[in-house]
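In the block that follows, a single chain appears as structure tokens, in the form predicted on its own.
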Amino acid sequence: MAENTYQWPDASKRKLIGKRMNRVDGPVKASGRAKYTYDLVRPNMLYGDSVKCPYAHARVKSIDTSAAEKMPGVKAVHVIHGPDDGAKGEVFWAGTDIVAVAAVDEPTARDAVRAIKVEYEQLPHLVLNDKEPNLAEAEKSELYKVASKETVGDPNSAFQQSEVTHEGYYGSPVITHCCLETHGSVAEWPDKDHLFLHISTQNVPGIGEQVAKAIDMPASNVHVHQDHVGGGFGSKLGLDPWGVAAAQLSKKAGGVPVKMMLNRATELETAGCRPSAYARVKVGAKKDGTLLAWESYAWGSGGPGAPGSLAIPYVWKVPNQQKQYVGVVNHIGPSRAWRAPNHPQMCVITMGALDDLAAKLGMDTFDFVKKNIDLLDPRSKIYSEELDVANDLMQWKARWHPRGDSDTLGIPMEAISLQIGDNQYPPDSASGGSSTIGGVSSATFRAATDAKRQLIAKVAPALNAQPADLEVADGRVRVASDASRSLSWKEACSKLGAQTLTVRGTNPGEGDLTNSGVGGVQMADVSVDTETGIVKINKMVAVQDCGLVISPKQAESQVLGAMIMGVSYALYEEKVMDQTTGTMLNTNMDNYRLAGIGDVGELVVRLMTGPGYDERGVIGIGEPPTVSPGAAISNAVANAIGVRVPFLPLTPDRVLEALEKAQGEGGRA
């Protein structure tokens, strides 16, 4: 045991890293035995519900809860958003919680909600407005956040030098989070000073502090426990009004448990959305495909807080650029992080424009990207290698055709006891931002390394050896040069006597165990029925690097999940709003559709590993592979039908509209 620094073992010495291991929670989830917050039933539990504002923009003028408070079975009523809250009672989206109630059963809670009288003053609203903003008008209106124009290089001169230019319109609409387990919690007070909270969250360590701050109590007095979370994807990092309301209702009801989980309609309407992004783009290149210039006017909407400026062109360092962005402030519900925030939208816009430019040049997009690969610095080499691998997996060169040319075709794993999901355990960061695998693996590795060193120091005398002479392998502590001199793991631990080892690892810490920044390539093969407009995914390939792969099976699963999510947002997902009432129209799973098993086609994942990749250490992979599917599918559809469907989702009506427009203009473009 001679190492003095923390470093991942060489490939030849890895016993578990990089091996295909099953998820430790796989059997309970696959069998249906896993219990989620939604499944929880506590003794004497009450059920929560709430009055929700029916207007997209309004002010609460008065609230009368007296009738509800007198109803049999109603145990607590709590005002969440009254006339004196938030700019004199102003609410900014339909579905905002106004008053919460707790009752002995769900029907009684619903009756109590109907009995509460709330008077509103309706205010002017704006919901989904993805039409191109007039810049002169936008600069004068509070509904728009106009970013300053950004110029790189000399775009005017570059466009004059361009032998081929293309102009197009691209975009992606607002979509909502759609976690299988909706948001919510079960709250109870074991005594007047302590709160016990079961909550569906990505942030077990931090959510207790957020609740404590909201209700003015010490964070150490909030016990958070969660066995499993039924999806989050960024929407369950922070605290919501209903999470606070459950705790307040429980306290008013004498501390008994109160369960407050959103129904599906409320989840879709208010539990967070991904902002839209649209752009008019002009690009220019030489006839040989050398990319010279980019010009874009972009806009997007995502709720009361306008989304930040879009970093387009995405990952491409086009030498000459001119860009303008306008954020639209509207009343559609809160925007939230959604698995690689803003990256999928930026990718759709960028790759749509570049794919169309390649088509106008008469170039295979693969060759166009290879021609300009240096503009993808600092990951040019990675992208180039991944393109070659993806080409082999997809047989891109054999399948591609020019547009308009229709083709029709140390110790064993079982010895480890894993304890997670409770804020009484040592704290960790929230599970988000693709930070989990890097943070957990490196902190665990440091702690395990330190614990091993301490154990070896205790065991060395029993083996008549120096600590530096020992190693742990195959569940035994042994002399590295003489495996016959060894102790089993249990025998070695017995040398500690009554003493225990408690070791904590940190991240960041000593040793280069983690890193950031990855590159990925995705390709899609689709079929399009030009009579119905239906798009069918035949095959998708994803080639992705993420540094040192700890467990290939789980890493590949992350990529597969991202590809399925990508098919959903590329073909189906869109938050449809009523412009007159400001309410969401498709608040159910019949009309807010997600991809099913029959929709995703053949999915192929290849992880880039080995020399040149493993040395970088562990890098998260949760978000990156969600970035490309929309762009890959959109470009595949354009190649298949010979015309660009300008923005997602690629629904049958939009496909047919694009085809009809092209025919009206005298043929495919």
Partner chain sequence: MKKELIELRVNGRSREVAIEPAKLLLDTLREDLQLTGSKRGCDDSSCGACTVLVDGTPMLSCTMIAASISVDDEGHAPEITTIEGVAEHGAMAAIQKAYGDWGGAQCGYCTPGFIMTVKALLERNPEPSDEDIRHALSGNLCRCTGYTQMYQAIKAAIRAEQQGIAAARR
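Keep in mind it's a predicted model, so treat the numbers as computed, not measured. Residue numbers count along the first chain shown, from 1.
The form predicted in complex with the partner chain is left out here; the points below concern that form.
Colleague: Only one of I373, A462, M589, A147 has a non-hydrogen atom within 4.5 angstroms of the partner chain in the predicted bound form; which is it?
Modeller: Only one listed residue qualifies here, and that residue is M589.
Colleague: Within 4.5 Å of the partner chain in the predicted bound form, heavy atoms considered, which of A76, M565, V326, I312?
Modeller: Selected residue: M565.
Colleague: Taking heavy atoms and a 4.5 Å cut-off, does P124 contact the partner chain in the predicted bound form?
Modeller: Taking the distances in the predicted bound form, the answer for P124 is no, it never comes within 4.5 Å of the partner chain.
Colleague: Quick one: is M217 in contact with the partner chain in the predicted bound form, heavy atoms, 4.5 Å cut-off?
Modeller: No.
Colleague: Is there a heavy atom of R23 no more than 4.5 Å from a heavy atom of the partner chain in the predicted bound form?
Modeller: Contact with the partner chain, yes.
Colleague: Using 4.5 Å between non-hydrogen atoms, is I63 touching the partner chain in the predicted bound form?
Modeller: Flag for I63 set to no.
Colleague: If contact means a heavy atom within 4.5 Å, which one of 383-391, 565-573, 483-491, 290-298 is the stretch that engages the partner chain in the predicted bound form?
Modeller: Contact-bearing stretch, as computed: 565-573.
Colleague: Within 4.5 Å of the partner chain in the predicted bound form, counting any non-hydrogen atom, which residues from 586-618 show up?
Modeller: Residues within 4.5 Å: N588, M589, D590, L594, A595, G596, I597, G598, V600, L603.
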